[in-house]
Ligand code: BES
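A lone chain, given as structure tokens: the form predicted alone.
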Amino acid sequence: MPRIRWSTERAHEVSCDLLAVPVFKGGGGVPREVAAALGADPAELLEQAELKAELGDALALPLPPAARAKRVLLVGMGEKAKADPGVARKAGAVVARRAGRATSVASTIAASVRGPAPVAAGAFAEGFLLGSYRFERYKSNGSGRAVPDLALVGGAARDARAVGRAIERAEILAGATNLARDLTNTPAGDLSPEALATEAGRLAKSCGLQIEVLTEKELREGGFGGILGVGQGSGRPPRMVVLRYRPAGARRRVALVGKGITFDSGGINLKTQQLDWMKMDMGGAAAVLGALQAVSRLKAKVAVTGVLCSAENMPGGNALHPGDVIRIRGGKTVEVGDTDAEGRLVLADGLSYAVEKGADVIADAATLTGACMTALGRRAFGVMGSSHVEVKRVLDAAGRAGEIAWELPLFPSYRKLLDSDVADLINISRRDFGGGAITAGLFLKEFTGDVPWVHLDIAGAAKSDSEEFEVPKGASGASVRTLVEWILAMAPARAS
């Protein structure tokens, strides 16, 4: 982990490999001494490079030998009036990606945006750490680059302790998101349900969490027919992992349920496209693990139970057949209309379990439907649930976290699309009707009882085909920060 600090030095006094400074549309932002060292108007330099100071534009330039910094990075920030901590977060990611071989970076950007210094500093540091992420575990000639140390240059902060806490929080949030990214990027050949349970065990040990791993035997004895059914076509057996964070003084009990399909072939209804990223179908479980790591390290006064519902969906000789009927934990029966609608089957077990154990509120995260991806694209995730209050809180949390989320409805009239002739309900609605994200949500709602519940469909947002600000190419760690923000907002207010 790099060293991140708030510096009271002036920009031209900081010794570093790279000094990142803001340039706003219409000019301004670059400290006078830095502009003098460049010997030209920074805005004109950007224009000569055919850049317009839009957020994301960046131009690296050398500085004279007498300067304390070796290079300066002019970072486009857009309109100054719109530059808030969210812009600072994105700018931090831009700086991280343009740092090259630098081992030390300094920046005045956090001090240039609207908002309290702690909030701006935390946002920039978070973006910097998220933008520094690389997954090189399988590269024999990886870059070997460490994340550079970062000095946030801003003069004397009114509350240095608050700035320090904000930076520490940013480190924890970015670390949790990057944990989820690492797990989701790991090939399915190396991350079976059992291996995911092992990773959960490591996390539990490092964070002081209680852990319980249910093997096939315990799943069968407990009536977890969804997880068992989905996993029965694979030679690598399913697991359900329960992690518990129990701080003293907690008033609310939250359950996070994550879809952990370590590889989704579609089963007998075999997929024909995008099989190369079906290793990422456990992104919901990875998000739950990341959120638990962050919540525990932030010492939130909220009791949190994480339930990972993990199986490998394969078309083996023992696989579920279309038309089979399975019994979910709690007794409800489900006709399997499509073996590729498997995520809702494993989540049904996890949601039923969370209700039984007395959660006050439940959220699940899942790469659940292509329909949600079609509706919202590859950056946003859908949010729906039985409680409008909790849905609004999750959406607000996403806004604070810098993630894009949008509410989808749960139309009661669509519930009849899940009626089965032979069981309590069927796991897939009519394909010609559409609304697949909504009917999937309605299916899950059947297993949440009277407990307030929110569903996050992260199918589109969990994977990116290109880098964009703090989102890397590959696994994004979608919803980790949103879940953490949502949980932290439930904690009792600190005494002043």
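Residue positions are given as counts along the sequence shown, with the first one as 1. Because the structure is a prediction, the values reported are computed rather than measured.
What comes next is about the form predicted in complex with the ligand, which is not displayed.
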If the cut-off is 4.5 angstroms on heavy atoms, which of these, R239, R89, R344, R181, is the one near the ligand in the predicted bound form? R344
Contact assignment for the ligand in the predicted bound form, among L45, A37, I428, I438, heavy atom within 4.5 Å: I428
Give a yes/no on whether A459 approaches the ligand to within 4.5 Å in the predicted bound form, heavy atoms considered. yes
So, S206 and the ligand: in the predicted bound form, are they within 4.5 Å at any heavy atom pair? no
Any chance M280 has a heavy atom within 4.5 Å of the ligand in the predicted bound form? yes
Given that the ligand is not shown alongside this chain, does G370 nevertheless sit within 4.5 Å of it in the predicted bound form, heavy atom to heavy atom? yes
Which of 448-456, 24-32, 428-436, 51-59 lines the interface with the ligand in the predicted bound form (heavy atom within 4.5 Å): 428-436
Heavy atoms within 4.5 Å of the ligand in the predicted bound form is the criterion; list the residues of 72-104 that meet it. none
